[in-house]
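Here you get one chain, nothing else, as structure tokens; it is the form predicted alone.
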């Protein structure tokens, strides 16, 4: 029989472990009281770790730097951060060439640093999402090193190896997205291996069950460390035609001057969806979210990525939105299709591969107002938004001026047709001081002169800044059920200057109107179809907007003005 002195400490330890588990579960409760998943109402924030915050003065951002900025992100109104690849990597494609899926690259820190980041984020009710490079590994990954060692190696079939058609003649005509053929000859075994991206990024063979098992175990490794989900990189190219048929050429040329190719045999194969369903089952074991990098030439194709029973990706990104003009007519049609796709929309206006929204949409005169207008637009649609670091302060692209300045390999190889993606990846602008407060050393990419005016410290003191507009807007999302969960109802569908719509949830109605023109506009509204006969408006947030007193009928909008109001 145990003595009380020995028994009670064991009980207390057990209770402590149980209490800790309960707290962890409560922090990550996947459903609210009405049954909505946490990711439906969350605002995601993409962090490019090299460029966010440098804690040790080496000029490269790191995990401790991210941890040091969690209070800022919490006050901004962010609910989850997506960190682009921070795993060990030769950095040929800045982390998208992974050499070890279950560790942290020393330039970013350690697994202990990651664990602390997750712990501190949870204290602030922020979840952490990682970027999972599912299509390929680095050519320095132990799997590939073994795979290339001989034709009979244990990992040979983990990648796609084929004989050429003849001497110096690849297996087919497929091309790499980064220019050149998609096949590289390896003299060690006398065969070619397939790479959709750089030669240093060999494609995995997802038809091999061992690859699937190993990659699923990678996700479990990170889920068990508190990771709340993954953004899945390049999901639409997981599978290739087994017979390696040549692709057909179609009209026009790509940005490298090559004939356009119909990637029928190496992109968007049906097997992709079967695999995503299996990956989703693993995610569901941990109440995790899967976000998809889903490039689609037709927005109607997004529907397939949700799965017939909403059993694939919870959040396939609407990346086509980033290529559309500021046209209410075009955007109205686009939103209608996304909204009707049967899943929960996921809106993005910029990221680490796309020219920053401030630069892309700016006209040189109304840039700050346009930035506020775009925020009001995509942060009030029905769905989950994914912000990109610095978007909230109006960070602009800072493109290389000469080839010598380029760091991104795609720019080095294809200059001047392609300048690379350095311009949208420059250091976060925290202060107007040296290196914008990003580092005490020499930043890995230069900080633009615009950091003097567009930075966190300066904008926090300016009530009319882009940053404070974002803060107010994100606070509204949390306060107004209609902005989180309400139906989307398009208004004034013939208006070619002002995009306007309602968000309605139960008895709550919020109207959003954004002027996408450079001229003053005064749209009129008839809300009788919504059973609002004599509506009254209460302004929630505006920039360059005036509503006349009395019954709500019209809004006066300055160029690129914004109005968000509650209608009763």
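Numbering follows the first chain given and starts at 1. Bear in mind the structure is a predicted one, so any value in this text is a computation, not a measurement.
There is also a form predicted in complex with ligand NOJ; it is not shown, and the following applies to it.
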Checklist entry - Where does ligand NOJ sit in the predicted complex: which of 419-427, 270-278, 296-304, 441-449, heavy atoms within 4.5 Å? => result 419-427
Checklist entry - Which one, 155, 352, 366, 484, lies within 4.5 Å of ligand NOJ in the predicted complex by heavy atoms? => result 352
Checklist entry - Which of 194, 96, 108, 114 has a heavy atom within 4.5 Å of ligand NOJ in the predicted complex? => result 96
Next on the checklist: When the contact criterion is heavy atoms within 4.5 Å, does residue 265 count as touching ligand NOJ in the predicted complex?
Outcome noted: no
Checklist entry - Is residue 233 one of the residues lying within 4.5 Å of ligand NOJ in the predicted complex, judged by heavy atom distances? => result yes
Checklist entry - So, in the predicted complex, is residue 147 in contact with ligand NOJ at a 4.5 angstroms heavy atom limit? => result no
Item to check | residue 141, heavy atom within 4.5 angstroms of ligand NOJ in the predicted complex | outcome: no
Checklist entry - Can you name the residues of 175-194 that have a heavy atom within 4.5 Å of ligand NOJ in the predicted complex? => result 178
